[in-house]
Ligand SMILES: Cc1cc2nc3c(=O)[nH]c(=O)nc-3n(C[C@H](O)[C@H](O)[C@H](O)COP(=O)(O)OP(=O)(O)OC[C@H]3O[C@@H](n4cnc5c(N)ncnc54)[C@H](O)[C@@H]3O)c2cc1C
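Shown below, as structure tokens, is a lone chain in the form predicted alone; questions about how it binds or moves come after it.
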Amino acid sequence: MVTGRFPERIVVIGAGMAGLVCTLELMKQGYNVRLLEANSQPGGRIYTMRDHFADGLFCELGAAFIGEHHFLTLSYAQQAGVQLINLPVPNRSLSYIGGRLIIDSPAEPALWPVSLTAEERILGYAGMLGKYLTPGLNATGNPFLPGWPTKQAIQLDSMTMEEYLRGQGASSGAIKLFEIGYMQMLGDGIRKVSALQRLLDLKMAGSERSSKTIVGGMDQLPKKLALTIGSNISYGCAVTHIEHSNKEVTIRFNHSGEVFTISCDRVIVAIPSTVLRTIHFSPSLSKEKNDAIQNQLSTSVTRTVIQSRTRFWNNLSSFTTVNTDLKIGWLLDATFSQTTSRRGLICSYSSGESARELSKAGNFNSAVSEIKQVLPELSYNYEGGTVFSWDHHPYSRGAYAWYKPKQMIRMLPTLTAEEGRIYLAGDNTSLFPGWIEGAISSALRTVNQIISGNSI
């Protein structure tokens, strides 16, 4: 329980999963908590788009999956009472490279249209992943054990993922294949991202064979947690200023065109660094912390969602996702768990420079053309669609954090350390940006810091 003056007043800024969990856990401990959220709903980058499509269909534009070893996320999902469903696992994978659809399966390995070594052709895609990634996955070590980061982890953080792959003997053709699909979705791709971050993320992603999603939409999780918090949440509150001293914190925010202030004993800021930069601190934060906030990078992600009159792709039998070498990036069936309509939604997941290109005004039709290129039957089934860019969302200004070499190990301790009465939370302050698990782990770390009164 709380010791000292009762009840200690804490303001949490941001009702994404980190802010929600901070609020819930501190309320349980007897703190007087107020949660301020700039949007009109909770969830942050858990965003299930509704009301844009026919027949009650919806599409995940942010967090969409929960991995098998995301134990914190699974625990809160159980507490919230949401229903989980396993992702379908096709018996073969589809890729669109060089203008043609390529099928790869254990029974019929693909003939990849890139220059591979004789050994790589024998290994196949899955074999190459095993050969080149396993040493790095082992070398990352366990970040939850004392003594981390190890020398091996520090070495991985000093190079890009491309440099790591080349060091393992991967050919240029193999690296080109790895640039098509999930491995490319951190920051501006494997040629720029820290090998340590890329490998830790692959560990966190786990196996697609045991990934889950929430029946009825991922937003059911933050909505149910928010209901538990109740009137302690105030929506439509955009924080602009934070004044702090050794006695208290005063927060200024805009609400419905008016300016309000609220005082508290401590504040938890659970919003992305890209948005945190817009808040004025008085006095300024330490140079080290301010530099980390100003320089933390955010992945550009653009989603293009297409409504189709039928789910013609069921004829492909294995279509759940298609990796492409086009600007649209990764295609997926966004309605595999929705069975009340014959219609379906196809969603493209584009990141990095391609995402920035597709987010520009007037480029929606080019995205649709690329999707039709991969799935020609869409031409006869197309009923419209929409494009969504996380870069353009005012309270996100990007998707999940990413690091260039030598940034991750240097920045994280600074971001996670408390500064006076100010604490930072959010998946961008965790080892696993972009995952609900990272957001929750950051929240529990912050709550522990407050309860113990010491940095961890």
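Computed from a prediction, not measured in an experiment: that's the story for all the values here. Heads up: residue numbers just count along the shown sequence, starting at 1.
A second form of this protein, the form predicted together with the named molecule, is not displayed here; the remarks below concern that form.
- The candidate spot formed by Met17, Gly43 and Phe65 is fully in contact with the named molecule in the predicted bound form: every one of the three has a heavy atom within 4.5 Å.
- Only one segment in the set 111 to 119, 172 to 180, 231 to 239, 305 to 313 has any non-hydrogen atom within 4.5 angstroms of the named molecule in the predicted bound form, and it is 231 to 239.
- Among the residues Ser389, Gln407, Thr416, Asn39, the one placing a heavy atom within 4.5 Å of the named molecule in the predicted bound form is Asn39.
- Checking Phe336, Tyr164, Tyr349, Tyr96 against the named molecule in the predicted bound form, a heavy atom within 4.5 Å turns up for just one residue: Tyr349.
- Taking non-hydrogen atoms only, Pro272 approaches the named molecule to within 4.5 angstroms in the predicted bound form.
- In the predicted bound form, the named molecule lies within 4.5 Å of some heavy atom of Leu61.
- Of the heavy atoms in Cys22, none are within 4.5 Å of the named molecule in the predicted bound form.
- Not displayed here, the named molecule is approached by Ala399 to within 4.5 Å at the level of heavy atoms in the predicted bound form.
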